[in-house]
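Quick heads-up: it's one chain on its own, the form predicted on its own, in structure tokens.
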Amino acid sequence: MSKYQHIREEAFEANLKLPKLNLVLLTFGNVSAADRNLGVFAIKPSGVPYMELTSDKMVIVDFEGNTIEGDLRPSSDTNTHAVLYKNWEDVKGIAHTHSTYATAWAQTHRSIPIYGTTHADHLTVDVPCAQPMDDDMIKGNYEHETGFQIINHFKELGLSHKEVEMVLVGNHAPFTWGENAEKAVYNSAVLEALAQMAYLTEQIHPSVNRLKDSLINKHYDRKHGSNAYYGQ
């Protein structure tokens, strides 16, 4: 058995959840799972339908984006995953989808405002939207630069990737991450729900107010604070 089998299995199981959660269409999207000790990650192969995936088809890649093991071509987004893993050393799972509502927000270049307590259960800030990259970056290694587009946006906003595990990439789609591949997929599902709720909220009341700070802090702390007690 390959020494990478455990992350192949983790990535495979996480990728299967994307269509089950209605986060992907056709072959859109991908999830990866990293082993920090081995310095590699397993990722979905490019263009393979989810119903045809197996754990053995997952491709092993290092944090420079080089294929280490696997017969298929890794996802076209592999270099974005590689950049995030290389720069955010505690991340062990990354998911990328083109889920409908989150992608719609990305296409408008808008962050998703924090309107309700569902949002505050996961974040104390808007879901950030990195603005489209400049032309020089687009002309370069596009997928590689997408990783830095995300990282640079977090630096500009002073956000921690440990506290905000999701982002919209302007004109593109969402990326999420976490302590493992399963958490990355969980964050993708949460992001899509927040995106849909925010969209509907603005349709009902276009001038709706953001959630007040006292409620933001209460809901986030009861789930993530030192004395957390909330879990539905």
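All residue numbers refer to positions in the sequence shown, first residue = 1. This one's a predicted model, so the numbers in the text were calculated from it and none came from an experiment.
Below: the form predicted in complex with another copy of the chain, not depicted.
Colleague: Within 4.5 Å, heavy atoms only, which of His153, Lys86, His98, His161 is in contact with another copy of the chain in the predicted bound form?
Modeller: Among His153, Lys86, His98, His161, a heavy atom within 4.5 Å of another copy of the chain in the predicted bound form occurs only for His98.
Colleague: Can you work out whether Ala189 and another copy of the chain are in contact in the predicted bound form, taking contact to mean some heavy atom pair no more than 4.5 Å apart?
Modeller: Looking in the predicted bound form, residue contacts with another copy of the chain include Ala189, since a heavy atom lies within 4.5 Å.
Colleague: Please run the contact check for Tyr199 against another copy of the chain in the predicted bound form: heavy atoms, 4.5 angstroms, yes or no?
Modeller: Residue-level check for Tyr199: yes, a contact with another copy of the chain.
Colleague: Is Asp71 close enough to touch another copy of the chain in the predicted bound form, meaning at least one heavy atom pair within 4.5 Å?
Modeller: The answer is no: Asp71 has no heavy atom within 4.5 Å of another copy of the chain.
Colleague: Quick one: is Gln203 in contact with another copy of the chain in the predicted bound form, heavy atoms, 4.5 Å cut-off?
Modeller: Contact check for Gln203: yes, within 4.5 Å of another copy of the chain in the predicted bound form.
Colleague: Hey, which residues along 124-153 are within 4.5 angstroms of another copy of the chain in the predicted bound form, non-hydrogen atoms only?
Modeller: If the 4.5 Å heavy-atom criterion is applied to another copy of the chain in the predicted bound form, 124-153 yields Pro132, Met133, Asp134, Asp135, Ile138, Lys139, Gly140, Tyr142, Glu143.
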